[in-house]
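To begin, one chain is listed below as structure tokens, in the form predicted alone.
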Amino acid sequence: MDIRPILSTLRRHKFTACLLILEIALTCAIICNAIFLIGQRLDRMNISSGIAEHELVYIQLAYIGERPDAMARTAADLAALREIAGVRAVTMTNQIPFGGSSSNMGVRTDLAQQKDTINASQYLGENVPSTLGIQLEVGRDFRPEEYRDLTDVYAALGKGDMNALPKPALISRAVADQLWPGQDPLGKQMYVGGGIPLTVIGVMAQLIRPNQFGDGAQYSVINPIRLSMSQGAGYVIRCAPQDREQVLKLALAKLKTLDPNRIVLGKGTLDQLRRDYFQNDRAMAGILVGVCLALLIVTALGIVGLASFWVAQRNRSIGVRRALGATRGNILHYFQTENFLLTTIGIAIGMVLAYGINLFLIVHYELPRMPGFYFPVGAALLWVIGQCAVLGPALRAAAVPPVVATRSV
């Protein structure tokens, strides 16, 4: 169809056409960035932890008074928890994925470095890999004789012994690739805490840090250090997914029996912990989805209203065209083409605005650059919305009988 008659008509309605174009442009700009932000939130919520989340429960406790025999009491707790029916493995660790706090350390590959290469999360505890269900890609797990008590490590470090920390360390694949890209990390030496040497004995496929994902979500290291219940650690128990609630109930009862002077700070499954951790992300994604729907509905209503107004104003010209032989399909095609032109102009302007908004978010909120494929997604969505919105008024225009239209002259 020749678009010159359409452009001629639009020139006679510049103000209303410009308003519709502006509405579509703003919607396109906001929709593109909103979809991008929703995708960012979904990627964050679906991040892989590298552990057997569906098989784990945790118990975080606080204690009243000093515990001079903390290590012996911890050993008794762990032994009692292992006796519970359905329990496969137990550990006491300083942190867990999606927990509220984390222990972090700078990592270097050379003592001469002025700055740390990366910042990694430090997991401590006995039998952490087997309990959490971490997959080792290469290397081996810690041997029993390689573990040391945290109290002994602290005492030695306090005396200036830089070799106090056990030498062996497990690192995640992300850490290995960052420190020694393209090289075999086994046997490599790295330095933490300003100069404490560690030797890599194994590489984990994945192990997410408890929080601070912006510092490298998969930057994690495990050290063979035993913890006691007086050092702020928590118990993690592995069992079959269907046994988690029962095991958690029995574990709490067992721990209370062994020591009534305990305060439960937190308990539950790792699945629950993940859900709680990402509740703000889910809420934000929901808000952004609501904003997108509201904008699309408002834009669609604007198109419907303007198209209906133009149909009412053009009864005479529609009737003339019908009398001259134009079919209903011609009238329908005319209004759909007109709307397509307006939408396309609005989308073109909207993409420029979307790029500008993304640059603003990059500068002020440290968000990543929006990939280019979000622009055609937003454009396609608005094209579909526009054509669907104009369809009703266009069908009403196509249904106007020539004789009725000509009588209104």
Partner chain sequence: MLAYYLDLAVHSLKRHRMLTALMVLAIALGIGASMTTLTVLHVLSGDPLPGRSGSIYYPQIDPQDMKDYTPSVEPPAQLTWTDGMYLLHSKRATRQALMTGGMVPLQPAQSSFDPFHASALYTTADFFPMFAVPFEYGSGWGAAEDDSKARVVVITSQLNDKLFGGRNSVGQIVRLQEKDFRIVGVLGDWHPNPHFYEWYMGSYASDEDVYVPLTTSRDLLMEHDGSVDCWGNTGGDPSRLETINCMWLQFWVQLDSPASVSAYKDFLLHYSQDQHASGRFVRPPNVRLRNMMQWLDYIKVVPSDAVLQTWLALGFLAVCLINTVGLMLAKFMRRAGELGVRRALGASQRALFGQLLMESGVIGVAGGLGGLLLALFGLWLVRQQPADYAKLAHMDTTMLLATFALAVSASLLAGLLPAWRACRVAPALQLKAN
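Computed from a predicted model, the values in this text were never measured in an experiment. Positions refer to the first chain, counted from 1.
There is another form of the same protein, the form predicted together with the partner chain; it is not shown, and what comes next is about it.
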{"query": "One stretch from 109 to 117, 201 to 209, 87 to 95, 178 to 186 that, in the predicted bound form, holds residues within 4.5 Å of the partner chain by heavy atom", "finding": "109 to 117"}
{"query": "Phe360, heavy atom within 4.5 angstroms of the partner chain in the predicted bound form", "finding": "yes"}
{"query": "In the predicted bound form, Phe213 touching the partner chain (heavy atom, 4.5 Å)", "finding": "no"}
{"query": "Any non-hydrogen atom of Ile64 within 4.5 angstroms of the partner chain in the predicted bound form", "finding": "yes"}
{"query": "Exercise: Ala251 in contact with the partner chain in the predicted bound form, heavy atom 4.5 Å", "finding": "no"}
{"query": "Interface residue in the predicted bound form among Pro166, Gly302, Gly133, Gly268, criterion: non-hydrogen atom within 4.5 angstroms of the partner chain", "finding": "Gly302"}
{"query": "Gln242, Thr257, Thr327, Asn261 - the one with a heavy atom within 4.5 Å of the partner chain in the predicted bound form", "finding": "Asn261"}
{"query": "Interface residues of 290 to 319 toward the partner chain, as seen in the predicted bound form [heavy atoms, 4.5 Å]", "finding": "Val291, Ala294, Leu295, Val298, Thr299, Leu301, Gly302, Gly305, Leu306, Phe309, Ala312, Gln313"}
